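Listed next as structure tokens is one chain, alone, in the form predicted on its own.
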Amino acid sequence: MSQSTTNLKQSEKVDRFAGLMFCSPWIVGFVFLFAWPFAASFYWSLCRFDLINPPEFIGLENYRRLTSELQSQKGFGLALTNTLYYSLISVSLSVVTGVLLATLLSAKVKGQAIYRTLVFLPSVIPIVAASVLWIWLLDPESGMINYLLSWIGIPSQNWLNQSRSALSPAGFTEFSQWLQGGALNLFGSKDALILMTMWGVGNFVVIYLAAISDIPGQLYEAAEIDGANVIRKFYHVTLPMLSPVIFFNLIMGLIRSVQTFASVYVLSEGTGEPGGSLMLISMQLFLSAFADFEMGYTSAMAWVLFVLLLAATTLLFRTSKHWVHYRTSS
């Protein structure tokens, strides 16, 4: 073996070692902050563990408990139902509102920068401060939201003091009675949380604005030549070109909605009340782990949530080929 070949191999070893050293912070972080907790939580989900005594293996008992709570709509079952309601409505409204606001803010009008700033500004306010502000805004007696609703003939709502939600069977019954001349007490605490979430839609709007500015102007010119009006251009040009961004925000919004915690904790004062209506899975996980010290049960709940999120994300990816349109080089 020649001297040059030997020197080349030694140089490769040095480069490989240097590369591993540069990657070592990430590798150590991945192993100790992700891989090990990930594996440990699965083992704990099969144990009775109170964070003080050593884990006691009990098999699938925690998962049986979750199944029974799903059937009785208590504990995990109630938290999952509340989370599904909040996630489906808040994510859907965030996507629709974000696209519409971004389309309006993309128009070349005087004061465009001011309007964009006003829309984005709520999303940079700290969550705790925003939650305290919304507690004042939603106050049944002196809140500004009820004052604004009174302008359009809607009576004061209980908001954070009512467990019933607007899109529940009881909410539809209440609305039908109001149409017949009865009192209207429609919106509840989950609706208040959704309203607060919509206030911070500015993050989505910024992403949509960037995507809209990247749409080739030739597409709109071709649509105008074909006689398309504003609505048709939005439906046949803007929406298809925005579909990859909508898909991204849909996935990220779904994950973020399931992780919502700080605002729920402040609005319900850490209890999930009234009537357990604000007991989302994030709150249930926190209370089970650090109030009841049931880390095994909490780990099982987290793994069920992981599987559900994985299934939902996989379903969205499989259906995306029917409605997401990616730009090609041609």
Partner chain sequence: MRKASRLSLYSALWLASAIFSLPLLLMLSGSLKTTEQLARNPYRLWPENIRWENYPVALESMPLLRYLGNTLILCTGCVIGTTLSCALIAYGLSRVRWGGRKYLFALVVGSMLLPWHVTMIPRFVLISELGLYNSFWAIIGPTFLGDAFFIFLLRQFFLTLPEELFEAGRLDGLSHLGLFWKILIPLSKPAIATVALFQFVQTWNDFSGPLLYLNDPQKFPLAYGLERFVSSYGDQTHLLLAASVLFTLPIVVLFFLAQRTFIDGISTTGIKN
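It should be emphasised that the depicted structure is a prediction, and the values quoted were computed from it without experimental measurement. Numbering follows the first chain given and starts at 1.
The following text describes the form predicted together with its partner chain, which does not appear among the structures shown.
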| item | value |
| --- | --- |
| Partner-facing stretch of 167 to 175, 67 to 75, 142 to 150, 232 to 240, counted where any non-hydrogen atom is within 4.5 angstroms of its partner chain in the predicted complex | 142 to 150 |
| All of S90, L93 and W159 with a heavy atom within 4.5 Å of its partner chain in the predicted complex | no |
| Exercise: K321 in contact with its partner chain in the predicted complex, heavy atom 4.5 Å | no |
| Contact flag, A107 vs its partner chain in the predicted complex, heavy atom cut 4.5 Å | yes |
| Its partner chain contact in the predicted complex: W134, any heavy atom under 4.5 Å | yes |
| Contact test in the predicted complex: Y63 vs its partner chain, heavy atoms, 4.5 Å | no |
| Contacting member of I125, A223, L184, L84, with respect to its partner chain in the predicted complex [4.5 Å, heavy atom] | I125 |
| Contact assignment for its partner chain in the predicted complex, among A211, V99, L138, I194, heavy atom within 4.5 Å | A211 |
| Sequence-ordered list of residues in 287 to 306 near its partner chain in the predicted complex, where near means a heavy atom within 4.5 Å | A289, F290, M295, T298, S299, A302, W303, L305, F306 |
